[in-house]
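Here we start with a single chain on its own, the form predicted alone, put down as structure tokens.
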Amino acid sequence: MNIRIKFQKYGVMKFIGHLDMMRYFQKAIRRAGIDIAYSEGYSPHQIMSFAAPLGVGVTSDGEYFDIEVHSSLSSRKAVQALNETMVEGISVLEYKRLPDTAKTSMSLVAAADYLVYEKQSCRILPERIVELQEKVQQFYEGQKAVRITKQTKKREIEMDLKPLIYEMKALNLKDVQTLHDLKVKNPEILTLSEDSQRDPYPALFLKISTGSADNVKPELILEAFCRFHHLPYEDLNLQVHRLEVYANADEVPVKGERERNSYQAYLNKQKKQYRQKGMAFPQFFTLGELGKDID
């Protein structure tokens, strides 16, 4: 049985790297009594696959990993059991069953949403949301290409970021539903006095390409944005928060000819229903939408 788990990462746990997070969840799953399956051979290990590694220092409300189990509790009981073993800074949100022939979350990742905001005592972004939005339009819509030089392990490469940015806009974190949670999980979030002339909580929203094929880090876009507008850029002064991870809506998330044909028929039916309602079919689905709760 294949299971997809969604969790949050915040607070001091943002400084824990990806490999240590894998080791942490391997131990947490054993403590929670999850009947996880192990690989065969001389060195058996838990069958576990993470969707998109999160950079050190980045917080998130939308992290995913897949496991294989022999048997399972209900989704509600499994989430409860896992959260009883969690340390402060990690919370399990979902526990969903996937089709037996489901592709791994790692192979499906196509995009991710991010919030970027200033930490306390930092002043990088413009003082007004309107001004920030104007700068976003100049940077994102006013340029035919957003060219940068990216340093890889072997060489420098030139690339155009614009096709990899699906959406970019300015917003006020006060208007974001998760603001209260953000302030609880990230105490260093910028705090302003009531009489401040500055719009509270200026921030940037990004929906960008993510995954093994065309992966772009939000820090690359932020650096290019600040350089374009001659703003002082220091990545330690900005907090990056991942909101969600997506699969391409047209991607068939299962293996096997029969299963693929069945899902394609379901997908075509969904598209037809959207057209009948005069609605545009979404470009992406969250990774969690591809699974179902266990009763």
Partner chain sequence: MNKLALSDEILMSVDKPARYIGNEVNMVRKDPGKAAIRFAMCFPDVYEIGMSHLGIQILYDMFNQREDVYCERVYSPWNDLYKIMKEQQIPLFTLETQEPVKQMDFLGITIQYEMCYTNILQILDLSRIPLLSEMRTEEDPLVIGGGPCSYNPEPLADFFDLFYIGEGETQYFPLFDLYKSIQKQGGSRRDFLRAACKIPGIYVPSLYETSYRADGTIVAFTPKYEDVPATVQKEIQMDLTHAVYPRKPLVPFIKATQDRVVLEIQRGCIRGCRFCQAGMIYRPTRERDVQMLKECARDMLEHTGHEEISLSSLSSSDYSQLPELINYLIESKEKGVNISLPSLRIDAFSLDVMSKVQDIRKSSLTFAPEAGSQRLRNVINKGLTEEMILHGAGLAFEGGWQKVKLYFMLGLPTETKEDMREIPRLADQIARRYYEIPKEQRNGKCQITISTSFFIPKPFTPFQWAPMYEKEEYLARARVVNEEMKEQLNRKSLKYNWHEADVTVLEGVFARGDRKLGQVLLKAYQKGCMLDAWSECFDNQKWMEAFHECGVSIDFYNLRERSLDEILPWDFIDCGVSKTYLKREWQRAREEQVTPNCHIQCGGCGAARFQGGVCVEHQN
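Residue numbers count along the first chain shown, from 1. Nothing here was measured: the structure is a model prediction, and the numbers come from that model.
Form predicted together with the partner chain: not shown, discussed below.
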Worksheet item: Using heavy atoms and a 4.5 Å limit, would one call Lys27 a contact residue for the partner chain in the model of the complex?
Response: yes
Discussion item. Can you tell me whether Val130 touches the partner chain? I mean in the model of the complex, with a 4.5 angstroms heavy atom cut-off.
Written reply: no
Item to complete: Could you confirm whether Gly11 comes within 4.5 Å of the partner chain in the model of the complex, counting heavy atoms only?
Response: yes
Worksheet item: With a 4.5 Å heavy atom cut-off, would you call Asp175 a contact of the partner chain in the model of the complex?
Response: no
Fill in: the partner chain: the contacting residue among Asn237, Ser262, Ser49, Asn248 in the model of the complex [heavy atom, 4.5 Å]
Asn237
Worksheet item: in the model of the complex, which of the listed residues (Val87, Ala145, Ile157, Ala213) lies with a heavy atom within 4.5 Å of the partner chain?
Response: Val87
Practice prompt. Quick one: find which of 132-140, 87-95, 100-108, 158-166 has residues within 4.5 Å of the partner chain in the model of the complex by heavy atom distance.
Written response: 87-95
Worksheet item: If we check the partner chain in the model of the complex, which of the residues in 261-291 reach within 4.5 angstroms of it by a non-hydrogen atom?
Response: none
Worksheet item: Given a CA distance change of at least 3 Å, are Asp235 and Phe7 closer or farther in the model of the complex?
Response: farther
Discussion item. Between the shown chain and the other structure, the Cα gap of Leu236 to Lys135 differs by 3 Å or more. Is it closer or farther in the model of the complex?
Written reply: closer
